[in-house]
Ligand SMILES: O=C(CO)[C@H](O)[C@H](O)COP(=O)(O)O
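Given next, in structure tokens, is a single chain: the form predicted on its own.
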């Protein structure tokens, strides 16, 4: 078993966009509600089989290593598990040829509590290897045996803490538990000649999903008794607990986002979900308190146009405490409105703060520098020069996963035209934040 690589953590705790890490009081309340009074919290570990070749994906790269927003899919799944503070150890089973790649992922994205073992040739063999690493009877194991173990797929990145808590709590009581979902399609059985033999009544059946959880001794002993046929052709861990441990698993209703990335189109769906989640909070940084200034009108238009998005207003970076708080809330979208200054020093300060916060390690951060063209006060050529400087700077910061854009908004005196310019500007801002398309970085955009 490979030891867990030591790596410094980002200054900010990481969560998946809108899925904020729950507060200590919320988590404690959830735990207290989920387990009977007087019962201690079990020691919990997780095993992720990640040795698949991704044949159904139709690409040469195994699906768990396919990039989503330029980050491997498995990294999102690890993040979802390690943000749950009560999961002590996470064991990942990967093939020998992908071992170094997995180590690089752990180091680059600063994952913690991760141990690596070599995967087997089948899913069940990979899980068994992960369980062996957690068992006390392994002399070279550096991990302690948990009371409950979670088994989860490396390609199900959207698992939530409440589902994990439910299956762990049920496993503690029943010995085994698993998430289920209603069947989407009716299951039929064909005959040998390719004709319909019979179909199942869909309402009486469910789809077995992940995560699943077990008392460690139950599932480990079941794997120790498995036949070679089970290990080669089986896929259902709950069935092993029933067959060899006589444990009837408790079935827990799972959420719709437990789906598994299986086909290439699923990668695009996963990317869309992640973009949506990390676009739910916009921080508007404006260097004036003048509420009558057109910049504040843009804030009003943004809030009206994006009524489902949280828009927070802050002063520039020289009063950095407020921005530190925003960054700690996992905000990945910033709109810097330049009113009092004609250069982009505030943008540089903001980018420096973002780099220091390590936010962009996990997700691309969008920074939009907005300039208003007031025909009476600032020459057009000066604004254009600023935007061209931003284009060059954008090429530099893109390497650090910060997507910088410049936006020039006309500032006419006519109220109707002004309102239209602001609406166009808000539309462009919303598109840049939602799409996070690196192809748009540094381009000159004019409303």
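Positions refer to the first chain, counted from 1. Quick caveat, the model's predicted, so the values are computed rather than measured.
One more form of this protein should be noted, the form predicted together with the ligand, which is absent from this view; the next part is about it.
None of 210, 164, 240, 347 but one reaches within 4.5 angstroms of the ligand in the predicted bound form through a heavy atom, and that residue is 210.
The closest non-hydrogen atom of residue 246 lies beyond 4.5 Å of the ligand in the predicted bound form. Using a 4.5 angstroms threshold between heavy atoms, residue 235 counts as touching the ligand in the predicted bound form. Contact annotation: residue 172 falls outside 4.5 Å of the ligand in the predicted bound form, judged by heavy atom distances. Of the heavy atoms in residue 156, some are within 4.5 Å of the ligand in the predicted bound form.
Screening 353-361, 105-113, 148-156, 273-281 for residues having heavy atoms within 4.5 Å of the ligand in the predicted bound form returns a single hit, 148-156. Contacts between 258-282 and the ligand, taken as any heavy atom within 4.5 Å in the predicted bound form, involve only 260.
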